[in-house]
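As a starting point, one isolated chain is supplied in structure tokens, in the form predicted alone.
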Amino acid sequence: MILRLAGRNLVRHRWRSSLTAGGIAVAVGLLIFLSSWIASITNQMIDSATEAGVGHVRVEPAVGDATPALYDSFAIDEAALASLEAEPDVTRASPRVASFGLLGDEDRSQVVQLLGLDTRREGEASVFARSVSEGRWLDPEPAEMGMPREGVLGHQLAELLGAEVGDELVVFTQAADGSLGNDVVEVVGRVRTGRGDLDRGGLLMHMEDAQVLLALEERAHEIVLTTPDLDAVEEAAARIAAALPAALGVDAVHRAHGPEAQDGVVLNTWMELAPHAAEMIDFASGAWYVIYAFVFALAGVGIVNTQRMSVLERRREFGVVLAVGMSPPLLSAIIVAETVLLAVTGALLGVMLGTAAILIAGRYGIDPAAFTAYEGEMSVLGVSFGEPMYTSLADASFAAPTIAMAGLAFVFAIPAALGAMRLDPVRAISGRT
């Protein structure tokens, strides 16, 4: 009976009910859309910091307090990598070699960050392969001897060099044995990884080609490991550290570079290797709660104002129903039911509004540069935001805004309900309250 009376009262005041429900719908729809958008930004930052960068867990040679040099490497083979990938906490073990060099032709040249990748392990699902914006990704196998080495350039580096897909460039670099490494590289593609240093100056090559160029033979500078659950990476790192001595044949595993880390390998998680990105992600998560509180506070003020005006406008009506025998608690229950029903209706409309906004942004994308006066690609803590970001329903939070809005309506309806309970029927009917 209470819900029926509450619904009838809302229908009787269509204009006021529509305005309040519309405001709630906009608030809920905005929160749902923002939850997906912030998740999209956070995922891009995590992907840039992990897949395109340090991985979930990274293993590298122990060098004490010194900065790792080109010759600081360790031997790797298929058996060692297979042993690591057999661990339940490891989904992929990808060796990499990294150095710096000079890339160009007779007209121009640029200092580049050379990154050698195991394309068989990185696979077509890697962030590098997914980030190809022009041309193609590296073939699974390197080119035959005597043929130009395959290379993929960061898109900004390609623009600086004026390099097109199919062009041949020469790369010069210092090799690990002190000699000068040089080779011809054929540009087969461009990438937009979202990682600023790679997009501005990255040359991606087959690891075998990079090993020959750097005189590293069958050695690597690091092994990048991915884990099944990014949220449990610390626990996974501890278990991986216990398995490393047998897998890599090392005597010691350290958790950080330092005076004691003179032999063996060092193992770190992505939060330790990219602390600024981790802090930014934590900040984004905290900012989400501030946005929640701000939007809900505005919605709460609107609900309180609407219901208070409703009680004031209907005081004579309330006085009559109290005079004919309706109990004050029942009257207050009807007012609370009206408010909650109105909030739930508005929240459901907000779910539809938010879903529509996410689907539109998921199809056409959101250009971050549109929100600033800066022209070109923005970069925050090494993460580039130059391409449109796409939202996804899977990243959106639907239940929390809807349930929170219903609870908020219940709480903010109580002052109006208490005011109605205290009405004096005689004074209310005479208009003296």
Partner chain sequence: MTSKRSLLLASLALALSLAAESAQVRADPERAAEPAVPSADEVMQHLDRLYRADSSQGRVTMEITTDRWSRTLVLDTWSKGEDYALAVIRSPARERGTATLRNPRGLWNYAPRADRLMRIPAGMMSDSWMGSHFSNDDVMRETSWEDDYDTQLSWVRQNDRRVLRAVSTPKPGAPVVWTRVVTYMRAQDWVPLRTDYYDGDTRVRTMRYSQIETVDGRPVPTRLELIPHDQPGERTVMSYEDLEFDVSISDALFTPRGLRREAQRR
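Note that the structure is a prediction, hence the values are computed from the model and not measured. Residue numbers count along the first chain shown, from 1.
What comes next is about the form predicted in complex with its partner chain, which does not appear here.
**OP:** Run the contact test on Glu85, Pro88 and Thr91 with a 4.5 Å heavy atom cut-off to its partner chain in the predicted complex and return yes or no.
**Re:** No, the candidate spot makes no contact with its partner chain.
**OP:** Within 4.5 Å of its partner chain in the predicted complex, counting heavy atoms only, one of 234-242, 343-351, 206-214, 301-309 shows up; tell me which.
**Re:** Heavy atoms within 4.5 Å of its partner chain in the predicted complex occur in 206-214.
**OP:** Find out whether any non-hydrogen atom of Val290 is located within 4.5 angstroms of its partner chain in the predicted complex, and reply yes or no.
**Re:** So Val290 does not count as contacting its partner chain.
Original post:
Heavy atom to heavy atom, is Ser285 within 4.5 Å of its partner chain in the predicted complex?
Top reply: Ser285: no, not in contact with its partner chain in the predicted complex.
Original post:
Going by a heavy atom distance of 4.5 Å, is Ala297 a contact of its partner chain in the predicted complex?
Top reply: Looking in the predicted complex, residue contacts with its partner chain do not include Ala297, since no heavy atom lies within 4.5 Å.
Original post:
With a 4.5 Å heavy atom cut-off, would you call Arg316 a contact of its partner chain in the predicted complex?
Top reply: The answer is no: Arg316 has no heavy atom within 4.5 Å of its partner chain.
Original post:
Among Ala75, Leu230, Val320, Leu102, which has any heavy atom within 4.5 Å of its partner chain in the predicted complex?
Top reply: The residue from Ala75, Leu230, Val320, Leu102 that makes the contact is Leu102.
Original post:
Considering its partner chain in the predicted complex, which of Asn182, Ser327, Ser133, Gln262 comes within 4.5 Å of it through any heavy atom?
Top reply: Going through each option in turn, the one that passes is Asn182.
Original post:
Can you name the residues of 254-291 that have a non-hydrogen atom within 4.5 angstroms of its partner chain in the predicted complex?
Top reply: Going through 254-291 in order - heavy atoms within 4.5 Å of its partner chain in the predicted complex - there are no hits.
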